[in-house]
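As structure tokens, the next two blocks hold two forms of the same chain, structure 1 and structure 2.
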Structure 1
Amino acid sequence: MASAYRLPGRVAEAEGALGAALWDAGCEALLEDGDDLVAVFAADFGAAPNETPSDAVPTVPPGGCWEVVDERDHVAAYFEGLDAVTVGSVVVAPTHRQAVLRSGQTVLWLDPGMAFGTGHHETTRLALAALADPGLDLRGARVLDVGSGSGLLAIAADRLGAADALGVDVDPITLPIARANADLNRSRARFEVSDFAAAPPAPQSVDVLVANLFAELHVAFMDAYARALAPGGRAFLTGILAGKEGAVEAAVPASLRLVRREREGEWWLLAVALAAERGA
């Protein structure tokens, strides 16, 4: 038996500080269960872990509850329940499923692991739909995925024609996972461990930027997004919980204009664009 720590409604924070804290606490896997984030630990802390000696129970972020699970069955059931997800011309499929494609569709093989982004969550679907939009021509584009996690969005950009697709993430544990996913899909997408806030890309070096983060990070990064975009460039910002989109919109600087608002469930995607000529 094993133990699981469930954080209701927190799945969108898995790629940020919350997910990092759970990995630091020693969890073996992070799973999406609807909007709940579930961290699986190999040890069995019993039905009442708070009564276990304090040095045996990991220190985890507050707001969750402990459950006793069969680790093997829990993870296996999660995998078995995953089906292929179709978003426009992109089909994201786990390797244990068969993918049936229509003309013009591209399949991305991706199994969930210790980094998030399988295409099943609304935020990932919103970002994929933006990249696969027929009105967006990625051919020859330089694409940056901020908070790349599993690498799905950078890989999708590469498969959709980008000349260069780079994914950056602050969590080093995501790097081998993203690279393995790129190899699985024969993708040229590159991945680096990098803190976007501390080491933003060179000015005007990005044609398309995609970031599946939470609202507060988008607010903090907005000026860096604007500096990174080349003239005519676009940034697709998702992971924004309903009710917080106004704060992100208010942070859009004068150099950018809001060109798109999309909502799925409780989540928003905002798209901003830089004028074709700087200062225009």
Structure 2
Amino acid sequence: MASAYRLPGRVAEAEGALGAALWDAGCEALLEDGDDLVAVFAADFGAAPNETPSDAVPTVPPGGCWEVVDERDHVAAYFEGLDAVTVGSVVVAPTHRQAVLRSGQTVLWLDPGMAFGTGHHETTRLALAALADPGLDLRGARVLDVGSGSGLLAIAADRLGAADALGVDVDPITLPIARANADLNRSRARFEVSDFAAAPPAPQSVDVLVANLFAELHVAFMDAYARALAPGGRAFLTGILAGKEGAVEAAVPASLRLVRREREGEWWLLAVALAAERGA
């Protein structure tokens, strides 16, 4: 069994700060049930959190109530409703849908399972658009996807020509899902369970880093990003909620240059670059 946190009459706020707070609290899926917004969590907290919240219960926005649910029903309903998403030249299609491709488009088949990354969230779309940007040539690049979730971004990088695409995620639940998605797409993208904070990449070992995390983590990881990038390298940082982009920008060290800011809805992507020659 799983737990659901139901917020009556709040469905319109799914894409805004309320939805963001529920994703930050660790929910696995956000569902619409009539006018209600329902956040599904993998753990079974019982009905008790309504009366006696404990440390194990995630901190969620007020105004809702906890329910015990059958996890499979909710997750199946969520994925059943997903359609294909087109971002630049990339079409992300759940395997139960058909994808109609135009010339030059690449399809990524994706079953996100319980991991984040269907291509529907603004932050994933921003990151995908950055990787698929015709001005960025991934051919021959070493790409690192920090917080790879379903594996979508690393798989996209591989399909877009990267020489090596590695996805790392601290959550072990993501590993079999990302690997299965790579197999589904005949992708050579590799995945590892790893905490970026504890095991940052070797210096100058990454040409393109993409990270869909959240603002505070980007601030904490910024120096490690700078060290990991090879000369001329770029990092695309998203998952930054509007209002927090200033803190991330302020953390950009002198060795990196902020080269792009993109916003979709409540979310930002910031792109930073390392000069082609260290010290240039």
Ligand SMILES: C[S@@+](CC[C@H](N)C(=O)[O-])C[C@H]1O[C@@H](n2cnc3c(N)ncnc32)[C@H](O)[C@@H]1O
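In this text, the rigid core denotes the largest set of C-alpha atoms whose superposition between the two forms falls within 1.5 Å. Please note that residue numbering is based on structure 1, beginning with 1 at the start of its sequence. Computed from a predicted structure; not experimentally measured.
- In this pair, structure 1 matches the form predicted alone, whereas the other structure does not.
- After superposing the rigid core, the Cα of Gly265 is displaced by less than 2 Å between structure 1 and structure 2.
- With the core held fixed, the Cα of Ala226 is displaced between structure 1 and structure 2 by less than 2 Å.
- After superposing the rigid core, the C-alpha of Gly243 moves by less than 2 Å between structure 1 and structure 2.
- Core superposition gives Pro62 a CA displacement of 7.9 Å between structure 1 and structure 2.
- Fit the two forms on the rigid core and the C-alpha of Cys27 turns out 9.0 Å off between structure 1 and structure 2.
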